[in-house]
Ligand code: NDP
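Before any questions on how it binds or moves, here is one chain, the form predicted on its own, in structure tokens.
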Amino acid sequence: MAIKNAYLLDLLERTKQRNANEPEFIQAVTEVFSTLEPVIEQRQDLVDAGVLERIVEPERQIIFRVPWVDDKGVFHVNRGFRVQYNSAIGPYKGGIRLHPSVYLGIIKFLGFEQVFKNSLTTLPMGGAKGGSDFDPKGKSDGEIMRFCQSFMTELYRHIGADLDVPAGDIGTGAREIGYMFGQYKRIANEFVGVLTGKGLVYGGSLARKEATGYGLCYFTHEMLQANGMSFDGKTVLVSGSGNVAIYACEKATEYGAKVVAMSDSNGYVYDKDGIDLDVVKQIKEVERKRISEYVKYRKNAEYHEGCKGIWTIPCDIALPCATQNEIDGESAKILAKNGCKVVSEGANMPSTPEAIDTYFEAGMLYGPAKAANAGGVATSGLEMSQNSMRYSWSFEEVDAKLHDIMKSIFKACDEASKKYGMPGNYMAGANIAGFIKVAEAMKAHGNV
């Protein structure tokens, strides 16, 4: 969607100049701005209050070194980040990503998206993101522990249960959260809900592992129903094979769909009979091996090198659950040509701008990440609530609350898209609904 509003064009150009080497961040800002024109035209008060100038600049950006020692006694130094993006509606909230691709621009893009995603959940959470260019793959438990302890030795002074509550993300699972929480408790000398995604025995929430994948399908189910469709009998592609992908596959299957492909960073598997999720869980959750192992268990399955090829498989619904920009314009055109009618995002910004344009041109339903994958952070917010009460809900209670939240997120997106003259454009609806709540709070707080 092209931006025509002179004010937004000028602010976007200034943002590009100030963040010239951060293409992911610029991509995220451009996508949001492209949908805010009808709001800006009706809400001069938000322009006068400088809300947009402030919202493109994080409140705080923290960069620090993370020294650690490997099992051979060799010193290594990684770079750590925490971008506390916006606290207008609540404490900062957002995950910690451990991956070699991490740099400030990635963290800023994720933090910017998190602001609007958290706003949509209806829970009182601001937006943040953190991480490091550390690669946990191939590291021993001892090396992971020493890295996490070093990372938290600096990060602890910038976070708190009512200030900033990090969570997991790519590369940061239950093991890493445990090591980080232990180090925080040791240094701060307090036991509080300063991290989410914790183990059940020390304050974690049931259904957290399943939340993003389940939430994706709850949102998609609502979107399908609103457009006279359903999961039942549909062929589905799910990229990735981590928690989001695994539990999206599980819930889509419960809704009556047949998931025929999953992937990892090396390649993808295609199983025309439907993915056997027990096999995937064994490979990924127990053995911690590559998805290529799947064909050893399922003789009719095929493995193909290169994860991009997964989008060449004919399907009705595509659920990208791997990483940012995994579907480009070319892949989107192949999906459309092969009859795909729905793309709903489980990963953060997995579709390039060219891909999104193709979705709209082809008349496909599109569930944007900031709405469709908000189930993870929503359940993190529910974990924060349980920690504050010193109380735990059952799996069924958490899942029911998650389901209600995802229903309310779709409703907010749907109503905003209609109110501002773009019915069925859930990307615009998500951006507008998330933005207005944050903008109203920022305006109420004054020039801060």
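Since the structure is predicted, the reported quantities are computational estimates derived from the model, not experimental observations. Numbering starts at 1 and runs along the sequence shown.
From this point on, the text means the form predicted in complex with the ligand, which you will not see here.
- Report the stretch among 181-189, 233-241, 253-261, 218-226 that approaches the ligand in the predicted complex to within 4.5 Å, counting heavy atoms only. Selected range: 233-241.
- Between the options 300, 338, 265, 140, which residue brings a heavy atom to within 4.5 Å of the ligand in the predicted complex? By the 4.5 Å heavy-atom cutoff, the listed residue in contact is 265.
- Quick one: of 78, 282, 149, 323, which gets a non-hydrogen atom within 4.5 angstroms of the ligand in the predicted complex? By the 4.5 Å criterion, the partner-contacting residue is 323.
- Query: Among 117, 170 and 346, does every residue place a heavy atom within 4.5 Å of the ligand in the predicted complex?
  - Reply: Looking in the predicted complex, the three residues 117, 170 and 346 all sit within 4.5 Å of the ligand (heavy atoms).
- Task: Report whether the minimum heavy atom distance between residue 307 and the ligand in the predicted complex is within 4.5 Å.
- Result: Flag for residue 307 set to yes.
- is_contact(residue 208, the ligand) in the predicted complex, heavy atom dist at most 4.5 Å: Residue 208 belongs to the contact set for the ligand.
- residue 373: touches the ligand in the predicted complex, heavy atom cutoff 4.5 angstroms: Residue 373: contacts the ligand in the predicted complex.
- Query: Counting only non-hydrogen atoms and a 4.5 angstroms cut-off, does residue 132 reach the ligand in the predicted complex?
  - Reply: Contact with the ligand, no.
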